[in-house]
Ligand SMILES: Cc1ncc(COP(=O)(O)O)c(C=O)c1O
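Only one chain is given next, in structure tokens, and it is the form predicted on its own.
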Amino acid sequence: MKTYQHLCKDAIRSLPVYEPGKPIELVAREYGLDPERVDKLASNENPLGPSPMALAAARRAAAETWLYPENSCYWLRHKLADRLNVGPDQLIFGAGSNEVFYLLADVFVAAGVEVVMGESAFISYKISTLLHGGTPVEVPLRELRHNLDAMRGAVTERTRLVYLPNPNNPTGTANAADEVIAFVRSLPEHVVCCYDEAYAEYQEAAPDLRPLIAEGRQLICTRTFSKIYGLAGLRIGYGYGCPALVALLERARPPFNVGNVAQAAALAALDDTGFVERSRRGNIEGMRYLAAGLERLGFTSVPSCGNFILVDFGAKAQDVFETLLQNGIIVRPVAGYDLPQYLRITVGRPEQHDRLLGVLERSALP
């Protein structure tokens, strides 16, 4: 069987492969379970499903899937610009905010370029860097939080990008606004900072870095409709920064990268403020209940600012993962993030929490 190894770029041969949370259908087939009885708490999806307003808009837009989408996301661009109080030319759209990371690598990363990131941060930062022959500089976290002093110390003349997710996935930890602002202001002119805000809507008071963009800092902030808006399957996200930076990313953006159904759903989701508030409130209540239940069973969780919690299961983490799978509950191992003793659990619905806690209690795993 041909491998094509001799034909591909060197970077591809050793590139890590992103492994998403196991899908419900695969787990059901593998363990002989009813798919309706499988709970997926692995990928930080909204347990309430999609925004109802977004779903209705998506259904209407589906009638026009024979047409190419509007390439500039015109209507969504202008609504978001008004919402964020930025110019329409300060926005870039992608198939999830994940695509924006790859656009940044397209524009700024090549052989000899360094990209600074946390050691246990979203793996797409590393993959997109390696794909372009760059060098990921992974800085160890301090108490599971980004060590901004160490990250600043890791910046050299070869650095072109720095990634700062806040809150961080998979740890759920966040850095305070004042230290984030000081960090961005400390970066030299030859470095672009990507501030990943995928879970910002779950925070009561997320840091606002728009004044730094107005100051002319080399900064792009990224957000997604995959999390609190419940549109993960439609793949739509965006970044906002200074017009000159966005213009460079637009040069690398593939045409028609955001479909018309995704655009319509996102446009409607922005107006569904009631759904967003229900999702945020349910997340706070669910987080407290799940963390308390885990503590009662003897498991320690990391205080989280996202819609998931990182739970310390010690040396039995893999056993816990397998036991939960056998009982139709999918969570996320994070050994690939150098956190082998932990599992990441998405905050779900009350009945899902009770089921998970019941399995752990019956299994007598501590």
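The numbering used is simple: start at 1 and walk along the sequence shown. Not measured: the values here are computed from a predicted model.
Another form, the form predicted in complex with the ligand, is not on view; read the next lines as being about it.
S.K.: Taking the ligand as it sits in the predicted complex, is Gly172 in contact with it (heavy atom to heavy atom, 4.5 Å or less)?
M.R.: The answer is no: Gly172 has no heavy atom within 4.5 Å of the ligand.
S.K.: Can you check whether His146 is within 4.5 Å of the ligand in the predicted complex, heavy atom basis?
M.R.: No, His146 is distant from the partner.
S.K.: If we define contact as a non-hydrogen atom of the residue within 4.5 angstroms of the partner, is Asn283 a contact of the ligand in the predicted complex?
M.R.: Contact check for Asn283: no, nothing within 4.5 Å of the ligand in the predicted complex.
S.K.: Against the ligand in the predicted complex, would Gly134 count as a contact residue? Criterion: heavy atoms within 4.5 Å.
M.R.: Answer no; every heavy atom of Gly134 is more than 4.5 Å from the ligand in the predicted complex.
S.K.: Considering Tyr102, Phe275, Phe122, Tyr240, which brings a non-hydrogen atom within 4.5 Å of the ligand in the predicted complex?
M.R.: Exactly one listed residue reaches within 4.5 Å, namely Phe122.
S.K.: Heavy atom within 4.5 Å of the ligand in the predicted complex: which of Ser226, Gln263, Ser279, Gln90 fits that? Just give me the one.
M.R.: Contact residue from the list: Ser226.
S.K.: Within 4.5 angstroms, counting heavy atoms, which one of the listed stretches 197 to 205, 68 to 76, 172 to 180, 150 to 158 is next to the ligand in the predicted complex?
M.R.: Of the options given, it is 197 to 205.
S.K.: Just to make sure I understand: among 83 to 101, which residues lie within 4.5 Å of the ligand in the predicted complex, judging by heavy atoms?
M.R.: Those in contact are Gly96, Ser97, Asn98, Phe101.
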